[in-house]
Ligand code: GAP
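This document starts with one chain, in the form predicted alone, laid out as structure tokens.
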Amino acid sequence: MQNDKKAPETQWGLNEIISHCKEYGFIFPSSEIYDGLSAVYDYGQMGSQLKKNLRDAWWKSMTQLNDNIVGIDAAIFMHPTTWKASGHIDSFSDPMIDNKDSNKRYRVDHLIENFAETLKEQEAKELLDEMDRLLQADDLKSLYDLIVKYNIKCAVSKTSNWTEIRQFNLMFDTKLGSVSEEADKIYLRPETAQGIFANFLNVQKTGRLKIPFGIAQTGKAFRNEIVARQFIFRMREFEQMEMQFFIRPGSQMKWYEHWKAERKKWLEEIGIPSNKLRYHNHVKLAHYADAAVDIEFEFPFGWKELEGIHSRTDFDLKQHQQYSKKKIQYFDNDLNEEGKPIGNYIPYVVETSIGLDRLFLTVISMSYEEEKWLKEDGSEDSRVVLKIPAKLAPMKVAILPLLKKDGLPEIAKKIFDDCKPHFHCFYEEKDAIGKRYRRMDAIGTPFCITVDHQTKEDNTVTIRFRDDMKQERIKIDELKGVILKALQ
């Protein structure tokens, strides 16, 4: 039995989360038997289910609970002119620099930002302001001079022996066709949004949709990041969940504020603590945007972007109209304030965009705990637990016979078969019950059902609650109802 007086919690950070995710089947390094592939990861049996639960929760909140948002699933490959229209071919790049002694490559803004953290506040601000000005002006020569001026050094070689700064396009390209010499260059999409814009007319006309309406999509995107880091926070292959909301010109600020509030509210509703979330307004906007904000989460490595809300004006549809030579407009039958028909226009767009992998890392980060406490006899006990919200947990309930004999496994398997059509269940009869509880804590299973000898007498089982480890006796025929109610 746990004593209420807990010993101090163990300090932990990202390394502990990475180790835990691998040990318990959440995330593995991709191609690990071949020593892995940098910044590419595989989701294991527990991770893939948690990821699906997060995706399903987002999809339901967008397409099922909103009567004016529909979903699509556009192809990863798109006509290459798509990326000319979107601006990715010409401007989707980061300035990079290499250290000649260590051969380590840096994104220039990351290199300067990390150095700025070592300076006093005012000096750091002056450096970062100058960096932002030069980045905006695309002045690579002056950026190089800035690095030299501050004698910024490589973290590995401790030298400032730098190459010139050059632009590095982040898109992966490949060939479409059976013979490479005759094939056309195409790209792996760096974002999912363009598939929505390219299908605007198809969706609007076939769905007979009236503005305002949204189109949602989830799917893989690919970016050849110069420096991918912080586990699954920044990867080269990742999954996005985006919704483009099409509106009348002039109404964008109303809808921008609406989705800004709605998205933070949803993150809190799925269990993310409000004190771990904050807004960060963009000071410098993209040329096509008139407002942008990030919802940041406090990860173990600091406050970082989780979701972005952007007012993109009519840039996207206007660009695709120009490059495709197809009219992409909406005919609005309503009347304006003067009582005149509104007519044709190119809709404006408010975008919500969240990385599924970042949301996964958010949930793991907020759920991971290392607990220690003193038992009644004065000895110390401990556990590692993932306090994942029950409705998101990969396994909802574990069915555990106390012993592998006396008919207990048969009763437990009958309960397992009755429950598994309703929620994901885990069955285990190996090891002492305490060890099995600890394994279930470590994968985040919110409920453990123990079948013991009393079960044979009165048809009751012990239900153990993960978060506080309390136990109750309940009747077997009440089990499904209790769990389903807790998962709502």
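A quick note: this is a predicted structure, and the numbers were derived from the prediction, not measured. Each residue number is its position in the shown sequence, starting from 1.
Quick note: we don't show the form predicted together with glycyl-adenosine-5'-phosphate (GAP), though the next part is all about it.
Novice: With the partner left out of view, is S353 within 4.5 angstroms of glycyl-adenosine-5'-phosphate (GAP) in the predicted bound form by any non-hydrogen atom?
Specialist: Residue-level check for S353: yes, a contact with glycyl-adenosine-5'-phosphate (GAP).
Novice: According to a 4.5 angstroms non-hydrogen atom cut-off, is K276 in contact with glycyl-adenosine-5'-phosphate (GAP) in the predicted bound form?
Specialist: Although glycyl-adenosine-5'-phosphate (GAP) is absent here, K276 would stay clear of it in the predicted bound form, with no heavy atoms inside 4.5 Å.
Novice: Just to confirm, F238 within 4.5 Å of glycyl-adenosine-5'-phosphate (GAP) in the predicted bound form by heavy atoms?
Specialist: The answer is yes: F238 has a heavy atom within 4.5 Å of glycyl-adenosine-5'-phosphate (GAP).
Novice: Decide whether R234 counts as a contact residue for glycyl-adenosine-5'-phosphate (GAP) in the predicted bound form under a heavy atom distance cut-off of 4.5 Å.
Specialist: Close contact exists here: in the predicted bound form, R234 approaches glycyl-adenosine-5'-phosphate (GAP) to within 4.5 Å, heavy atoms only.
Novice: Quick check on this chain: which one of I364, A412, L306, V349 has a heavy atom within 4.5 Å of glycyl-adenosine-5'-phosphate (GAP) in the predicted bound form?
Specialist: For this set of options, the contacting one is L306.
Novice: Which of these residues, D109, E296, E225, D314, gets a heavy atom within 4.5 Å of glycyl-adenosine-5'-phosphate (GAP) in the predicted bound form?
Specialist: Exactly one listed residue reaches within 4.5 Å, namely E225.
Novice: Among the candidate stretches 396-404, 125-133, 190-198, 370-378, which one is within 4.5 Å of glycyl-adenosine-5'-phosphate (GAP) in the predicted bound form when only heavy atoms are counted?
Specialist: The contacting stretch here is 190-198.
Novice: Is it the case in the predicted bound form that E242, Y288 and R358 each bring at least one heavy atom within 4.5 Å of glycyl-adenosine-5'-phosphate (GAP)?
Specialist: Every residue of the spot touches glycyl-adenosine-5'-phosphate (GAP) in the predicted bound form.
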